[in-house]
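One chain follows as structure tokens, the form predicted alone.
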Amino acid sequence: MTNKTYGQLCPIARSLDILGDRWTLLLIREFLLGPKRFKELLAILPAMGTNRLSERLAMLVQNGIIQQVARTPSSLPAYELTDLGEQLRKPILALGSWGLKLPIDERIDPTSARAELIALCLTSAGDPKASAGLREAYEFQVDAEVFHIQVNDGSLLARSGPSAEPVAVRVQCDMATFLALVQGQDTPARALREGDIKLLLGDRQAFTRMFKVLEYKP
């Protein structure tokens, strides 16, 4: 397939040749959370439609940004970022950090919020000193969503689904509680005491530490 091009000998223009079409960056956003199948992507971004989704995926494969991978030998193939695609993590999360500062447009549907996307942006927006020296994982059940965050000495990685590795903390809450805690508008102690959040696994010390790691202060 032939990509559109700005026809300019400029690294920014060349990047936009691949990433500038509508929906493309949102697809990359989903792959930052881990491998995704075609049907999963379509469920997340239904307005794309099957034809446009197929075209975008083929373009990203052609340009070496994503590749097909089998989750298990018998499962349908999924797509994941290549090493080249993974290099987009920092610039895209920088856009997310910038977006956290923007007011909410009245045309945006508030029910479209996903806790794992907020967590994804928090992995680059929080204070890295809060997780310095830590190597552990946290798992969240926020309404119907399940995702986890891997902490590795100041570096945070958000991933869709449950953790395949042992976790230090597993919690359950609703979206309003999750937002209040990561924005510092509520305290973990109060939320736990009042039952707004349930500690399914881990001790209170790790529970409190987790929200220190994730807390966002504009």
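None of the values given here were measured: they were computed from a predicted structure. Residue indices: 1-based, along the sequence shown. Just so we're on the same page, rigid core means the largest C-alpha set that superposes within 1.5 Å between forms.
Omitted from view is the form predicted together with a further copy of the same chain, to which the following refers.
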Exercise: Gly202 in contact with a further copy of the same chain in the predicted bound form, heavy atom 4.5 Å: no
Residue contact check: Ala13 to a further copy of the same chain in the predicted bound form, 4.5 Å heavy atom: yes
Close approach of Pro91 to a further copy of the same chain in the predicted bound form, 4.5 Å, heavy atom: yes
Contact of Lys36 with a further copy of the same chain in the predicted bound form (heavy atom, 4.5 Å): no
Stretch in contact, per heavy atom within 4.5 angstroms of a further copy of the same chain in the predicted bound form, of 145 to 153, 23 to 31, 158 to 166, 186 to 194: 23 to 31
Residues of stretch 43 to 69 in contact with a further copy of the same chain in the predicted bound form (4.5 Å, non-hydrogen atom): Ile44, Leu45, Ile65
Did Gln183 shift 2 Å or more between the shown form and the other one, C-alpha, core superposed: yes
